[in-house]
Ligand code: NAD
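The form predicted on its own is given below as one chain in structure tokens.
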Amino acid sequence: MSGAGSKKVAVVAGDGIGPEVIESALAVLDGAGAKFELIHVEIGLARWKKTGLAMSEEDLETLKECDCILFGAISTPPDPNYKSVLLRIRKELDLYANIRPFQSQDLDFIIVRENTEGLYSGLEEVGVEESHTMRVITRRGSERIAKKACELAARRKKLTIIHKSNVLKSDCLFLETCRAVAAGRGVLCDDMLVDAAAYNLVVNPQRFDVLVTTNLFGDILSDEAAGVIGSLGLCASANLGTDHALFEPIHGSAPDIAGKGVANPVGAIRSAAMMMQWLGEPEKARRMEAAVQRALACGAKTPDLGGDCGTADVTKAVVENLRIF
């Protein structure tokens, strides 16, 4: 998959079903004619169990030196001594914008999630009787995620700011900043409390176009949105910064089905397509997405979608459909 002067893509397969879905994504990229150098980096819980280290400083430098990262899934145990690898990567590479598109036959909306602040700030005190996590909202962080959301909304219909400012007063800064950015850019916007947004995602998801919100709210709402369109296994995401980018399916490592050959590879394949778009290969990205849609329409579905196909079956169907587009 390499070529002269090709870009470098760090491949982090990770834990659980991560290696399986990344293998599928790489097969589809190869079928689409992608040309770049793959740099495989082993990080995550499996490595931590073997070596006591989930990710080294050298690994982090390797990720920084590559043009972008294709990421599978990482397991993070509920252990106060284990620091989330993915959160560290997002912070170290300043991947502040998490873009999660959701599409089905009658739905098309995007959740834009601030990726480095909020309750995932990493500022915690963990005790036996009492623990504290600091929720960090800054004007700078709110402005730049609002700008990214407005870039998308300007090409679509409108922006909805999701918040909880009636209770969490730190959200007043987020809401006011997002409103100001949208007004300055002439983007039509409204706002909604996060609990109302969760309700409307189920009963009236068609009302949404581009949603922008804080870290934890975006994490939870995007999993709900995945359920609305059919499965976590269908959904992709991009983690974008000024200089770096990471692309990953939104599902977790799913250790309960790891190694069984039934993981849905579509989210990883679509993440790879988003990566191709970001790398300046829109035609390859378009072909990959079209091949996915046709494969699904023709019945190539894993058990999470009510089908009986395995991971390899779906991958093969997508690669075969690439020849049509």
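A residue's number is simply how far along the shown sequence it sits, counting from 1. Remember, predicted model here, so these are calculated numbers, not experimental data.
Below, we turn to the form predicted together with the named molecule, even though it does not appear here.
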{"property": "Which of 155-163, 177-185, 244-252, 191-199 lines the interface with the named molecule in the model of the complex (heavy atom within 4.5 Å)", "result": "244-252"}
{"property": "Contact flag, Ser170 vs the named molecule in the model of the complex, heavy atom cut 4.5 Å", "result": "no"}
{"property": "Ile17 within 4.5 Å of the named molecule in the model of the complex, heavy atoms", "result": "yes"}
{"property": "Ala285: touches the named molecule in the model of the complex, heavy atom cutoff 4.5 angstroms", "result": "no"}
{"property": "Touches the named molecule in the model of the complex: Leu60 (any heavy atom, 4.5 Å)", "result": "no"}
{"property": "Candidate from Leu86, Ile229, Ile99, Val136 lying within 4.5 Å of the named molecule in the model of the complex - any heavy atom", "result": "Leu86"}
{"property": "Interface residues of 287-312 toward the named molecule, as seen in the model of the complex [heavy atoms, 4.5 Å]", "result": "Asp304"}
